[in-house]
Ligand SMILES: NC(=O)c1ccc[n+]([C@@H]2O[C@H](COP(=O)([O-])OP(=O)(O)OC[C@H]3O[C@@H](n4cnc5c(N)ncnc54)[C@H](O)[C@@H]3O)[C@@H](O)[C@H]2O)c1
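Next comes just one chain, in C-alpha cells: the form predicted alone.
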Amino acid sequence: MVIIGAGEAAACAAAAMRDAGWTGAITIVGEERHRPYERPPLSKSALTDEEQPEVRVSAEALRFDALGIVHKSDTRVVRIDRASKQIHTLDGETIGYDKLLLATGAQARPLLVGGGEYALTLRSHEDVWALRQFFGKGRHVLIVGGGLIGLELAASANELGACATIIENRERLLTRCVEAQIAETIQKTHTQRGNRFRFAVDVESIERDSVTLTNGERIEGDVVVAAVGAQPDVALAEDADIEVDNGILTDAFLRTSDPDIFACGDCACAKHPLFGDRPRRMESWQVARDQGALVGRNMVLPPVPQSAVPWFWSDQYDCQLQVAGMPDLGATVVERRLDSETILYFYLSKNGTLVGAAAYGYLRTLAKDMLVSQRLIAASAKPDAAFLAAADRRLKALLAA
C-alpha cells in the first residue's frame, strides 16, 4: 500500500489498514518534513501561545513505528504510472504499489491581483512562524476573506493585542455556511474587540503593508493575509488521467476512476449516500479523519460506503460555531433558541429530511443538541418542525421516534 500525502487523512488511513488486518508494506510519501500533525491549532493556539509553537503530531502518526509504517518525508512525487503501478519521486526513486491512496490535500487559494504574492497564507506549521511576528500588540492585520479561517486569524490577532480589518467581497460574513443572524452575532463580537470590516468590495491590488480596494480606498497595515479558501491538490491525478472536478472524484466508497486508486480528505470530491448523487468536497479536520479511517479499511476489506456525518467547528473568542451535515440542501430552516447567547438552526430538505444543523454560542449549551442533531441526520430522520423549534422539548426524544 502506498499513500501520497502525509496529513491527517493519510495517517488515519495507514493506521486503519493495519487495524483491518493488512500485514504487508505501507509507505507514506509527503513533501513536509514533519510527521502528520494536527492543523486546527495553526489558526489558534499555535499563533497565540507565548511558547514557540511545536508540531502536534497526530495520534495515529505516533503509532507508525509500532505499526511498521514507513514515512518518507521531504519527498515529492512527480508522476503516477498507472500501467506499471508505480510512483516516481523527484529524487529518482520508484515505488511500486498494489493499491494507491491520494491524500494530497489542498493549497491556500492565492489572490490573483497585482501584488498578490505579498499576501501571506496559512496552511502549514511553517506559515505560523511567518505570521506570528505580525500579530503583536499594536499591530494591524489586513485579512482578505470573511470565512472561518479569516475570522479565527482576527480573533488570534486580538488575543495578542493587535487589531484586524477584514475585507469580504460579499454582503456579509460566512455566506456559505451559516444563517445571517449567526453571521451578524459573530461580526458584532469582532467589532466589540476592535476589528473592522469592509463588505461587498474586492481587492484591486496589494503592497507589502497595504491593500487598495476596487472602490479606491487604500488601507494600511502591518501585513496582508489571504484567507480566501483552498484549492485541492489534483495535479498528480490529472496527469495520470484520473477523473477530476473540483477535487479527485470518487464514489461513496472513496474509489477513484481507477479501481486500484483511492482518494480522501481535502483533495477528494466524494459521493455521500446521505446527501444525494452529487460528489462533494468537504474541507475539515473531522472529515479528513473519518474518510481516512474509512478508506484505509476499504483498501483492505470489502468496501462500505461513507456514513459519518460531516462536521466542523470554529472557535470565535469564548463562543463556538458548529456545523453538521449539508445546510445548503435545506429547503426549510427551523430556529431553536437555546438561551440568550446560543442559537441552533435545523435544515430540512423538501421532503422533510433533516440534512443539516448549525449552532453558535457557548459550547456547554450547544454541544449536546449538536450531537443529537448529527445522529438524526445520520438516520435521515424527518422530525416535526414545531418540535425542533421548541427548546423546552428534548431533542433526544426524536431518536426513539
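Here the structure is a predicted model, which is why all the values come from computation and not from measurement. All residue numbers are counted from 1 along the displayed sequence.
Here the subject shifts to the form predicted in complex with the ligand, a form of this protein not shown in this document.
- Of the candidates 270, 182, 111, 294, 111 is the one whose heavy atoms come within 4.5 Å of the ligand in the model of the complex; the others do not.
- Only one of 211, 155, 228, 178 lies close to the ligand in the model of the complex, with a heavy atom inside 4.5 Å, and it is 228.
- Each of 168, 283 and 313 places at least one heavy atom within 4.5 Å of the ligand in the model of the complex.
- Looking at residue 144, you'd find a heavy atom of it within 4.5 angstroms of the ligand in the model of the complex.
- Put simply, residue 150 is close to the ligand in the model of the complex: some heavy atom of it is within 4.5 Å.
- Residue 123 belongs to the set of residues with a heavy atom inside 4.5 Å of the ligand in the model of the complex.
- Although the partner is absent here, residue 74 sits far enough away that none of its heavy atoms falls within 4.5 Å of the ligand in the model of the complex.
- Checking 185-193, 305-313, 83-91, 244-252 against the ligand in the model of the complex, the stretch whose residues place heavy atoms within 4.5 Å of it is 305-313.
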